[in-house]
Structure formats: structure tokens, C-alpha cells
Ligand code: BMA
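What follows is one chain in C-alpha cells, specifically the form predicted on its own.
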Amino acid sequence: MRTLLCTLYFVTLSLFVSCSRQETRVLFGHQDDVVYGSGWQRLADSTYADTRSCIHDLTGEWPDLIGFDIGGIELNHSRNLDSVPFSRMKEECARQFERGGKVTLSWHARNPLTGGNSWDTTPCLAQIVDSSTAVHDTMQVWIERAAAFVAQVAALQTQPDQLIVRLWHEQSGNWFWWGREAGSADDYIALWRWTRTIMDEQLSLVHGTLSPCTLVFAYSPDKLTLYEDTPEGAYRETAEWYPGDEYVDIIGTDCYHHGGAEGTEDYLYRAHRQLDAAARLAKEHGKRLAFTETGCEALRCPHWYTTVLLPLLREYPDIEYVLVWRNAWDIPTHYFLPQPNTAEAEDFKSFIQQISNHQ
């Protein structure tokens, strides 16, 4: 019944979004879109004379937004955790900016206490933000390395507001070392503010005085289960871990569709809870709204883009952009954009036409 009522409501709403109160389309993004896709990859360190894109292969148009992750930069690695050379990442960021598009950067940093990956949930958050500890000193170096790379990417922009940094995402889950079971909300907020401060300082060193729109930061929790399963409980959790107006420009949420068609009702229920909380917080604090990560792996729900995601976006007309996850080149079942020449590819093209106001 909930799904039916939502569907009836969706069709009455506008899909257009705005940052400046002027109508515009929803921007669509895809993680690692131009460095690899299902069955292909461009992961060499050398420069490519041209660019390939998963979205371009499907629609003939370049992506509005590309997501990259800088996990590994903290250890001075030459490649990120998905084997993307940082040199290639900068090259493709420059091309994306030249096309007038945007880039969003996330950071799956290693656990600075153990050296394990981001999913090593050994508690360390309280120690990290304690300036008297050795792990604090380690994290200081790591943040400075990440900030230096972000400053290099920021220098490639051709216009303001093209680079979005999504710090310490999905903290409301329990799968990252910075998640809600690893420390308190105060510890998390301290880490967030510390990271942003160092990044701002690095940007100032590289670029001098910056326009506030030159670089924007996004706050993006995931599942909301800390308090009662009500709109107020979801909002309370989202607000409690919010780093503060001085540190955040975009408020969003991450939410994935699991379980195929049978999981649709659960996905929509969770997405509503999370987007409602994010939208309320964004409105109250005068921030922009985004659907910072979503997707249905292998598109196990038929026509997911037009029958699930499109109606959901229509319910939230202030959403600025939506990002779906990657198409792994070496894992055949790990993809979030459809394969070319399939019914799902036609469904995706219809979705893009509708969110782009090309109907």
C-alpha cells in the first residue's frame, strides 16, 4: 500500500531542481565513469588521447558528474583502492571540468591505528581526535596528503563550484572505522571539522583567497537506525552528527536498493526516511540537497531507472544531483549502469531524457 500511495503522489511533482531558485535539471553522476566500465578499462599511467565513458557509450552524452575516490592517497600510493592512477584521475578531472561538468571526491582512508582498510572497524576515533596521541599525528599527515591532492584537483577547475568533497561518508552505518559504533558524534564532528580546516588551509596556500563556491563539501549519512524508526528519529540522528553550517555546503544521503524487485518497497521506505531527514536539515540550515549515492547492483529490479529512481527523484524537487556507483571492469555482476544494447539500456536512456528535460 505504501508503494502504491507513493507512486500516485510521485506523478504530481516536478523533477526540476535549483540551487539559485531558477529551474534546472537533476544532474546525474556515475562513479569512475571514464576510467573503466563493464569489460573495459583505462587504468594505465600513460595519458590517453581521448576519453571513454560508460554514460557516453549509452547515451552519446558526457556525464554531468563523475565520482572518484582518493583512498590510498594517505599512504602516498600512486593508485587508489580501485587501481585508478591518481595521475589519470587528475587528467580526467581536468577533462570533465573543461566540458563544464562536476566531480565529487570521496575518501576511503585506511584505519590509522591498525593500517587496515576502511572496513577495519577497530575503534580508533577518540584516539584520532586526541592531539596527544601518535595516531593523531599519523592522521594529521594523512589529511595533509589528501588536502594537497584536493588542492591540485581544485586548481584544474574552469569555473566555480565544480568540485565536491564528500568527507567521512556513511558514518551512520557500522562498516567504516569512522562509523557510529567507532566513537561518539562529538568525535566524528571533530574529525570532520579538522579535515575540512586542513583542506581549506591547503587550498589557501595553493590558490590564495578563494571564492566560497570554489570547493564545496558534502555530508552524507547512510542508514538511520540509532533512534526510533520514525521521521523524527531519522532526523534526530542526521542532525546529531551534522558537522555544522561553517563546514558543510551540501547535505545528502547514501541508500542502495537490495533484493531485486522484491526489495523495492524496503528501498523506497529507507530512501524516504533518509531523504526526508536530509531535506529537512538542508532546508533548516540553508544548504543544498543531493542523493549522494544510490543504485541497484546488476539492475536486478527491471526498469529500475524509470520505475523506481525517477519517481523517487520527483518527490524531492530540491535534489541537485544523484550519483550511482561504479561498473567494475573485472567483476561481471558488479555494475550499476546497464549494459549496452539491452532493454535496461533503453530504460536508462529514457530516464536521462526525462531528468534532462528533453522529453
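Predicted model only: the values in this text are computed from it and were never measured. So that there is no doubt, residue numbering starts at 1 and follows the sequence shown.
Heads up, the form predicted in complex with beta-D-mannopyranose (BMA) isn't pictured, but that's what we're talking about next.
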Contact with beta-D-mannopyranose (BMA) in the model of the complex, heavy atom within 4.5 Å, among 189, 81, 203, 216 goes to 81
Hey, in the model of the complex, does residue 223 get a heavy atom within 4.5 angstroms of beta-D-mannopyranose (BMA)?
-> no
Please determine whether residue 62 contacts beta-D-mannopyranose (BMA) in the model of the complex, using a 4.5 Å cut-off between heavy atoms. no
* To do: Answer yes if any heavy atom of residue 108 is within 4.5 Å of a heavy atom of beta-D-mannopyranose (BMA) in the model of the complex; otherwise answer no.
  => yes
Any non-hydrogen atom of residue 56 within 4.5 angstroms of beta-D-mannopyranose (BMA) in the model of the complex:
no
Which of 231 to 239, 278 to 286, 130 to 138, 81 to 89 lies within 4.5 Å of beta-D-mannopyranose (BMA) in the model of the complex, heavy atoms considered? The stretch 81 to 89
Applying a 4.5 angstroms cut-off on non-hydrogen atoms, the residues of 308 to 325 near beta-D-mannopyranose (BMA) in the model of the complex are 325
